[in-house]
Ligand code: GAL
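Encoded as structure tokens, the following chain is the form predicted on its own, with no partner shown.
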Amino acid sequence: MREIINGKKICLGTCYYPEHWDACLWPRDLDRMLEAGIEAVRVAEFAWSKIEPREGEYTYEFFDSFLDLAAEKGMKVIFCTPTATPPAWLTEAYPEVLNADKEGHLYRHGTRRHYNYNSPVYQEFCRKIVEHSASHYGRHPAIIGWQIDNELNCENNEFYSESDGVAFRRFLKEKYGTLEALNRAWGTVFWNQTYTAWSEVCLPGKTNSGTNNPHQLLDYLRFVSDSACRFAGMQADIIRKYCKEGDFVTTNGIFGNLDNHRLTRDSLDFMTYDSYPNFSYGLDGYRPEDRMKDRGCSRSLAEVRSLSPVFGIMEQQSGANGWTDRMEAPTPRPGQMTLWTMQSIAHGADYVSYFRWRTCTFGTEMYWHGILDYSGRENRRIREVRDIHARLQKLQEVAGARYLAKVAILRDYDNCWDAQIDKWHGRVEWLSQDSLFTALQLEHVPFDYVYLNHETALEDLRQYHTVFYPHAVILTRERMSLLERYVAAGGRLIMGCRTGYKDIDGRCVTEYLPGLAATLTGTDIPEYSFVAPDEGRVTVDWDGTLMEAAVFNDLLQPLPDSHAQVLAAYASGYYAGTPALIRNLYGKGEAYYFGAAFSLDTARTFLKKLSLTEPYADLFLLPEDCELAVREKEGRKYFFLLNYTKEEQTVDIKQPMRDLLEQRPVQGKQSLPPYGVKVLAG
């Protein structure tokens, strides 16, 4: 059985860098960690030269001594492959391993993640370092699991080296088979881009207009994801040859241009996440009007949960953060470390590891503070860690519980990537995603993200009574068949503007819009338009309730011979009176088509009109500034009430419950202190 994330316990860890400290400090550091309740440390993700200081020369003494000490002390270790930072001797001798910018200039040594996944030379060096590390350390009793690389696709998620160009052509040959098929998919007849030889096909480069073929770009992002997944898979296969039974393989963080679901499915036992909520209070991009702030991390945690229902946090913020040149974030206020730890646990984390133990005294991250400051002196943060550990001993029954939601937001990577490169798509997508998350949070509606792919089954959707698929611009018959079966079986689907107007290659379809979604939604779209700047705020009247029709407006008509009903019409603009919202009865369920993007007030109106708000109103009366999260295990529900403000909040508990943290029965009005948390069981 795995030592952590095993359904039996919730525990704490930290990230440790023995190479940053004199070995005489290790024993005392490990003792203090254990005394504070820390059970595991992550090591070695940036320490290639400690294992291979020169090409072909492998030395194991450094980590042998640390691992032996950890075993003696009873500290568990998560060991990393060090491939995120190739050593200077490697990049100097083999510059082809380096990544390049869009103009072909190589990134130089001096930071991290400066390599490219597709260099045959780098792949071979990575195979060797992983093979030597796993074969030597894999049986060590202190090691309980392995982390692949570090934050795949962080820093850079675009790759333009010569090796990437070769690999991109290989990827396209495997996908399309012939140039004729590629030319057709990319629409290369436009602007005379037709290819007559594979050697002419290249990575998207700098152009005189600053734009590229959008279909090429979509395949390029798919290629970047494929490259990262293959790179991780190579390492996972090697590790599993040598690791002990029960040891896990993971990686940390979810980043762009990467199919994290494929990565997890093919290579990992579970995903871990790096959670830094206090960047919402940082100097870069801080918006005082943003109500979510650190609460916004719950959105990312929901994304991780879609990969691994029960997961771990490999890096949980514990101190002030920032590099020497960017990313400033303040020190957590008293109670915020506890709040963020409980936020992670509320969303499914059974392991929380703080970044980092000691704050490094040098380098780019010397302002990225950990539990301890430079001196290692006793401080408020380590006292809070001890208190968190004591609290977790009262929550052990929650281990293994799954997050409980009856509402889902559907996503897929084709549309995520298309919205990234298509401004028309991106404008509606990002507003609706932000608004739906915020509305669900403020109305205390637990939700899940569900990603549609070839493995998504009807049962994956049927556990939700309502699903939002806000802007499925790219639609396939496979996905529509799944959605039709879901609605026919009694589900409720809400779609927004710009649905169904592209095929899988990102080409606009010639069918009447919304294309493949027309029959299910009972909708026809004779005309559409961006909201013109001189229109101001376009509104929709839904039974006397006015709500915004933001960004883009599809002008709707119900399909004849359907069960479609017009629920709302535009109340302003030259198309006032034209249908804006249609509901279609389909089998035992219903599908809604809304002809605009979802602003916050519109998203909240939908939740209210569809009776989705406050699903636990019979149990709680909560202020908007508090989050409600629910985990369930063996029929028992655990309710997390989280106060994200620096003011005291009052919650009303309407039925008798047990406060697990205070180990007492509770009912009626209860105080949540600033950054306070309650965990209740019925």
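Position 1 is the first residue in the sequence shown; the rest follow in order. Since the structure is predicted, the reported quantities are computational estimates derived from the model, not experimental observations.
The same protein also has a form predicted in complex with the ligand, omitted here; what follows describes it.
Heavy atom within 4.5 Å of the ligand in the model of the complex: which of 586, 355, 451, 186? By the 4.5 Å criterion, the partner-contacting residue is 355.
Sole residue of 26, 46, 62, 620 within 4.5 Å of the ligand in the model of the complex, by heavy atom: Selected option: 46.
Any non-hydrogen atom of residue 21 within 4.5 angstroms of the ligand in the model of the complex: Judged by the heavy-atom cut-off of 4.5 Å, residue 21 is well away from the ligand in the model of the complex.
Can residue 602 be called a contact residue for the ligand in the model of the complex at 4.5 Å between heavy atoms? Judged by the heavy-atom cut-off of 4.5 Å, residue 602 is well away from the ligand in the model of the complex.
So, residue 125 and the ligand: in the model of the complex, are they within 4.5 Å at any heavy atom pair? Residue 125 lies outside the contact set for the ligand.
So in the model of the complex, does residue 151 come within 4.5 Å of the ligand, heavy atom to heavy atom? Residue 151: yes, in contact with the ligand in the model of the complex.
Based on heavy atom distances of at most 4.5 Å to the ligand in the model of the complex, which listed stretch, 238-246, 544-552, 525-533, 270-278, is the contact stretch? So the stretch in question is 270-278.
For a quick test of understanding: in the model of the complex, does each of 315, 365 and 368 have a heavy atom within 4.5 Å of the ligand? Heavy-atom distance to the ligand in the model of the complex: all three under 4.5 Å.
For 15-35: residues with a non-hydrogen atom within 4.5 angstroms of the ligand in the model of the complex? Heavy-atom contacts to the ligand in the model of the complex: only 17.
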